[in-house]
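Read the single chain below, which is given as structure tokens and is the form predicted on its own.
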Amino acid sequence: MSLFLLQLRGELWKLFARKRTYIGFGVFLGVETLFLVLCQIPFGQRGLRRLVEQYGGVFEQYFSGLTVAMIMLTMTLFFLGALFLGLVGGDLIAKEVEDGTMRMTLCRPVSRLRVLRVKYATCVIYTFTLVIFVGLSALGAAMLMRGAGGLFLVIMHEKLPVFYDFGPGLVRYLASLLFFALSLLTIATFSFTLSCCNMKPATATISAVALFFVDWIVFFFPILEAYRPWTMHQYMSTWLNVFRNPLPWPQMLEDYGYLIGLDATFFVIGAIIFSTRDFKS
């Protein structure tokens, strides 16, 4: 176990030593800054005011740091997060194969499965790190700009409004980051699996992101509603159930069981491909 942790530390060091690893962090900070500036303009507040008042809330009470942070989280991380998770996941194996360092790694007395486990653990840690960073940075910036107040959220595909006071809303918001990261791990795992195939890093990233958006289109459009149970988004969106009262634990456990099973399937497929590949040429 100590050797595994030592190898994991080395992989994390390599990952965070690359400049492209920080692209996602920088882009999210820029988007958050732009969003906060737009929210300060009265014209930009009209849509949110109409939505809050439509569901019977008081705009001044719920136009708070929590609400603004939640809007930033739901509107940016689900799509931009998929892009940057696909970028990093697609790089982990394919980039080292392209650079020739994978052959040197496999010359050492270590199994291919061990190498893959260490790299996948790195992918998991990066996924949670990115989501938690975006969630906390959005919350901190929004709280400085708008201060404390209630949390307002509409679960869009069900048009379900949610209102919370500051304390309970903050607890739900922080808890949602962990569940959100677990949902997004599926797209990171799929890009990691593609990285195990004989393809360029950019190809693995683009293919993973393309699948994500196709899956989202099938889930979102009403005319394709009959196919929703077959989409990943049907289960990935379960992180929003954290804001329901009471929490639908049976439904969440079922959904995350499906996602974890999908992650395990992707990993096994990637392991089979990686174990049978020829890295001599």
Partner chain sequence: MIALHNLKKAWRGKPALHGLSFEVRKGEVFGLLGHNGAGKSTTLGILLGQVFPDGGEALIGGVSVQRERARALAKTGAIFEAPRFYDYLSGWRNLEIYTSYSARVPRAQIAEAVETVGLTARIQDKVGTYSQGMRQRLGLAQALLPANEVILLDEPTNGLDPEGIHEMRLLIKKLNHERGLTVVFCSHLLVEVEQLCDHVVILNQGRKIFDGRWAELATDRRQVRLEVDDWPRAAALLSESAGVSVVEPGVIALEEKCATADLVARLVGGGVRVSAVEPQRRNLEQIYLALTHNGAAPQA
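Given the structure is predicted, the values throughout are model-derived calculations rather than measurements. Positions refer to the first chain, counted from 1.
Another form exists, predicted in complex with its partner chain; not displayed. Remarks below refer to it.
Trainee: Heavy atoms within 4.5 Å of its partner chain in the predicted bound form: does Y22 have any?
Mentor: Contact with its partner chain, no.
Trainee: Using 4.5 Å between non-hydrogen atoms, is K200 touching its partner chain in the predicted bound form?
Mentor: K200: no contact with its partner chain in the predicted bound form.
Trainee: Determine whether any heavy atom of R108 comes within 4.5 Å of a heavy atom of its partner chain in the predicted bound form, and answer yes or no.
Mentor: Result yes; R108 sits at the interface with its partner chain in the predicted bound form.
Trainee: Considering non-hydrogen atoms and a 4.5 Å limit, does its partner chain approach D263 in the predicted bound form?
Mentor: Flag for D263 set to no.
Trainee: State yes only if every one of L178, R244 and P248 has a non-hydrogen atom within 4.5 Å of its partner chain in the predicted bound form; otherwise state no.
Mentor: Answer is no for this spot.
Trainee: Only one of T74, T129, S137, T101 comes within 4.5 Å of its partner chain in the predicted bound form by heavy atoms, so just point that one out.
Mentor: Here the answer is residue option T101.
Trainee: Let me know the one among L182, C123, L170, V115 whose heavy atoms come within 4.5 Å of its partner chain in the predicted bound form, would you?
Mentor: Exactly one listed residue reaches within 4.5 Å, namely V115.
Trainee: Work out which of the listed stretches, 186 to 194, 93 to 101, 146 to 154, 201 to 209, brings a heavy atom within 4.5 angstroms of its partner chain in the predicted bound form.
Mentor: In the other structure, the partner sits against 93 to 101.
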